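In structure tokens, one chain follows: the form predicted on its own.
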Amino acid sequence: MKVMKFGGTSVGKPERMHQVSQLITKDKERKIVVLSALSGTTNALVTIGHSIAAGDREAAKKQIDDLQSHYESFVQDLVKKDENRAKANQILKEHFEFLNIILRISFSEALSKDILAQGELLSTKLFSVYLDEQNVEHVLLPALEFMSIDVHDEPQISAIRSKLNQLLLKFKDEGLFITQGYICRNARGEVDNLKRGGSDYTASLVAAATQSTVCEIWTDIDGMHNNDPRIVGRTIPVEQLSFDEAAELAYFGAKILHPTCIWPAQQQNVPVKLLNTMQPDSPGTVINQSTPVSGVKAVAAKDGIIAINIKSSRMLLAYGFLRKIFEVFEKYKTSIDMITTSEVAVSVTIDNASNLKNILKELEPFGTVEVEENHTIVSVVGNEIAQTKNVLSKLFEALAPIPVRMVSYGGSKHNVSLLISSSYKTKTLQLLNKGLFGLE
């Protein structure tokens, strides 16, 4: 068994869906195919939800109609036979009738999750119709029957494994399964989701639950690159990464892979491959338990960072001082990315400002609190770079023109992280591309 996940751009046009069909039927290995919503659909559904929540039913109605028109055009190019177009249009009718019905229902958080689920349900059902037209035998496997989260919004690993394998046993003679990424049921049995990027998470959870031979993540770029190709002039794919290296890159801003995707596959030692739907013969990036190559592999940047500095000559050396500070962030479920300490100050960074006011208020008794917004964490990732000769000297030589606010080094043997003002992000990535990789 192997798992193949295709993102929104990989299924966003009818010809892309046609190509996905070719990719999943190239070999006879048993496989589960995880699909995202068509590109742009989730954003459209979010906008519809916001309009309904704001009481602007007229705007919501227009947004629903516009989205339906897009899908009707999509169906015309997806399938050719009249009976299959009729099936596809019936699917559209059912889902858009639901969206129109909710215009008359009081908005709630649970309803918003139902709205967001429509994207993945539509993409998989339409793809199933296309496979039928191509006489490709398959089973449409509803993710809502096996994918679940607990009261803390964490996947119920054992329940997912049990339910999924029971479903697969019902179809033990079938070789191809199509399912939805992103969507799930919560502890109350309601439709919910795995948050943004959740289709990657679904694929990794499914691969782990079935102990698959590989988890393939298909996007529109040929693997994890050494730097952000949107910012620097020249980048190269990284052929191989360890799970730890990939997790660091994903967490600190590499857009190709969702941070949560690594952990389930790593637990079951299922290799993850990052591949390009538009260039299927490219080797991409392989992520597995270990990598034989030491040194710097890639650079990633994470925006929207807030630095908080607590100065207190009176309390810093007191027993339990750091614990009390961390308890404030724990209370408001706000994770800390970086931390540095001195004799009179503690500096931390966060990427979630939703409870910033409350956090700052509770930190005031500990000393003088200063806040710096609009920062970026630039993370340099590689295998044992803390022990690799000349990495630090090259790093800081390259960044001589950049005012670095914080440095995190030694907490991980795979990562050196730097905090800079976001205004220096582009220049920093370009300088590192030249100084560490010799690329301009």
Ligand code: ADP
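From 1 onward, residues are counted along the sequence shown. It should be emphasised that the depicted structure is a prediction, and the values quoted were computed from it without experimental measurement.
This protein has a second form, the form predicted together with the named molecule, left out of what is shown; the following refers to that one.
Just one listed stretch, out of 341-349, 204-212, 224-232, 359-367, contacts the named molecule in the predicted bound form at the 4.5 Å heavy atom level, and that stretch is 224-232. Taking a 4.5 Å heavy atom cutoff to the named molecule in the predicted bound form, the contact residue among 242, 219, 118, 266 is 219. Out of the listed residues 19, 422, 9, 25, 9 is the one that sits within 4.5 Å of the named molecule in the predicted bound form by at least one heavy atom. Proximity of residue 254 to the named molecule in the predicted bound form: non-hydrogen atoms within 4.5 Å are present.
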